[in-house]
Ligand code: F0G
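The chain below stands alone, shown as structure tokens; this is the form predicted alone.
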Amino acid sequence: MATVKFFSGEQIPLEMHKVCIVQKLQLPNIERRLEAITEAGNNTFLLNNRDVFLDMLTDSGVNAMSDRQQAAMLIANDSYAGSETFTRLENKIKEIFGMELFLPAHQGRACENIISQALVSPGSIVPMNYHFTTTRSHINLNGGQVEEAITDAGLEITSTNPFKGNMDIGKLNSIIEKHGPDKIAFVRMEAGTNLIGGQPFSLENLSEVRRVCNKHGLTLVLDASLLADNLYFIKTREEKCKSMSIRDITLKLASLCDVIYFSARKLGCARGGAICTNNQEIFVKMRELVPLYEGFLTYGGMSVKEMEAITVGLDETMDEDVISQGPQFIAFMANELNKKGVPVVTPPGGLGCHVNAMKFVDHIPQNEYPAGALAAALYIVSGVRGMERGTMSEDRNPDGSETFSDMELLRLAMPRRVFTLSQVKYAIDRIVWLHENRHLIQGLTFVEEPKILRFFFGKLKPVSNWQEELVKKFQADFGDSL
């Protein structure tokens, strides 16, 4: 692990890599940033990358590849069927997860589609530690319903609980008792619960979930997209696992699950996805859907070059110096903000630093999307693009009323091997300034609102001229500085 203490007493994370290829960044002035967010309908998803300085929207598909990954792409085998590239990836998945049966897909939500179509039926229930947006949508589209069983601690913004992503076993048992085992399509655990701040579950908790599934004959599915961060936290926070290697922890986790799927845009630092299992019956159900939705069974909609990169990326994920980088930089950012009074999710999780918009702009009601407003405000004053993870990310109820999110978070993702510490410190500085001027931020209202996954391409407008006032205050404090 690479956090070092300087002679000055400061403790900072060290980049355990050197930069070999660089990409030029642009930092538009604040007038252009205001124009850009207006053109984007105050939705950071709709910003053009040329108008973004630090892109902290997501870690999905934007992690930097290693030299080994780039080199591996040169040996890709383009055969439509029977590709050696497929065999190399298949063997790596067997080695790391101990699962013999593997299906490729073009990304994580494609895996969710295949799994939902194979296992979910009208009226069925999927208990999970916490939902993810696309996961729930796929389950709902197939007639199923999600019921969450996150521990109460998981919804506490400020905490010292090391495993806020744990499933509450009592709640899980109650869901099964309420509906009956025959109604349970599968039980889903998400490694690094995305929507509550990338919070991990413990190996012991997964073992307890497995025991419940065994008792009732239920299928346990693991979303391993954020597994790398979860592995780091298990290794460093769970006493029984501190002497275990990352590979051993991974194999133990996998042995407790019936199906594992992941987005390689996160796990493996390349573009693709995978489903693996040792259950022949489930495999056969899913297999026939892959050629229908994805492509033939030996590429599943992926570029073979990306498949080679995934094979190496999965191997690198087993390196402690690789998987420690994200959590350590996230912890640095969250701890610095916390010291300066900015409300953040604690303990820091994986994926990114999560700012508590509910408290940051507590004067904005949830029906005016405080996390979305904060994301727009931060972009205006910094050129940093974050992602709203709150009520905007939920769909409306059938009667048109809002589904208010448990949390209103501004997620500032930390793509692996992308940002330097000085860039992280720049983002911290602008967030601190914005917090001191938070009274200027007001809400947003939809002007174009899709019915499903509205946060991806919906458009909003400010409820007042607050953004112009924010620009004036920034210019008064910073002058011509960007």
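For every residue, the number given is its place in the sequence shown, counted from 1. All values derive from a computational prediction rather than experimental measurement.
Not pictured, yet referred to below: the form predicted together with this ligand.
- Among the residues Ser393, Ser263, Ser116, Ser382, the one placing a heavy atom within 4.5 Å of this ligand in the model of the complex is Ser263.
- The contact residue chosen from Glu190, Glu306, Asp229, Glu388 relative to this ligand in the model of the complex is Glu190, the criterion being a non-hydrogen atom within 4.5 angstroms.
- At least one heavy atom of Thr134 is located within 4.5 Å of this ligand in the model of the complex.
- Heavy atoms of Thr58 reach within 4.5 Å of this ligand in the model of the complex, making it an interface residue.
- Using a 4.5 Å cutoff between non-hydrogen atoms, Lys164 does not count as a contact of this ligand in the model of the complex.
- Proximity of Ser225 to this ligand in the model of the complex: non-hydrogen atoms within 4.5 Å are present.
- Considering this ligand in the model of the complex, the lone stretch of 240-248, 102-110, 213-221, 356-364 in range is 102-110 [heavy atom distance within 4.5 Å].
- In the model of the complex, this ligand lies within 4.5 angstroms of a heavy atom of only one residue of 399-418, namely Arg411.
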